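Starting off, we have a lone chain in the form predicted on its own, written out as structure tokens.
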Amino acid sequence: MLKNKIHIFSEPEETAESVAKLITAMLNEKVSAGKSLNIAISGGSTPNLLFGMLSGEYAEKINWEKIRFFWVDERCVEPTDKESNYGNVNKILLQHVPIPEANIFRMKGENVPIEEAVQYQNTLRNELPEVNGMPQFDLVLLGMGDDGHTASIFPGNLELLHSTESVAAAKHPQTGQNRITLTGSVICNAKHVAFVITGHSKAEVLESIMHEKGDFERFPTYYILTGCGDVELYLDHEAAERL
């Protein structure tokens, strides 16, 4: 079995709260050093629980002047579209907390994908410290799809794991929907990476990845877990049931 540190909780809400505590602790450490926390966030049902907690019971515990949000990936839709990752976070979190507009760095899904990928690369280059020739996040929060994809890096798109660029345009293999995504290179350059995975539908793929069974090598999540440095998993009981 892979050696990544795993945290398992009874319910998705407990999983989300554990990540909220992680963010709060990392932020407090940064604030004590007079710095800001640079975090890349993902979409999905469990992150929605997390964002709701951050805008609710954790809102008073967070120094919103010192947290800066970037995006792991984005669907190429208008920010008002119900599929927009930014729009979702804005509705659940950003509208409800006193975070400065200057601390929000969204991927603009309404733009031409390749052009926006280049633009977002420039944003990362300008806003983040460079380490090992790549921009460096303090924390990258990732999910995993039922097909083992993470960010918008899908099976069949494994070249995006090793791109020399930090951001790339991608397509959903079934729907053909255009996406913009961080690449594996910049994800693995982060100080800390946390997978947040919940639900019974993820259990079989997660078992294949963690135990290196079957066609595990086709799953992008496997390469992040084995190719990056500090990567942890935050799971609920259902996602972990086959581990």
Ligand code: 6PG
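When you see a residue number, it is the position in the sequence shown, counting from 1. Here the structure is a predicted model, which is why all the values come from computation and not from measurement.
The same protein also exists as the form predicted in complex with the named molecule; that form is not shown, yet it is the one meant from here on.
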Touches the named molecule in the predicted complex: M144 (any heavy atom, 4.5 Å): yes
Could you tell me if S166 has a non-hydrogen atom within 4.5 Å of the named molecule in the predicted complex? no
How about M107: is it within 4.5 Å of the named molecule in the predicted complex, going by heavy atoms? no
Is there a heavy atom of G52 lying 4.5 Å or less from a heavy atom of the named molecule in the predicted complex? no
Interface stretch in the predicted complex with the named molecule - options 148-156, 118-126, 131-139, 94-102, non-hydrogen atom within 4.5 Å: 148-156
Exactly one of T183, N189, T46, N38 comes within 4.5 Å of the named molecule in the predicted complex through a heavy atom, and that residue is T46
Neighbours of the named molecule in the predicted complex among 79-116 [non-hydrogen atom within 4.5 angstroms]: N85
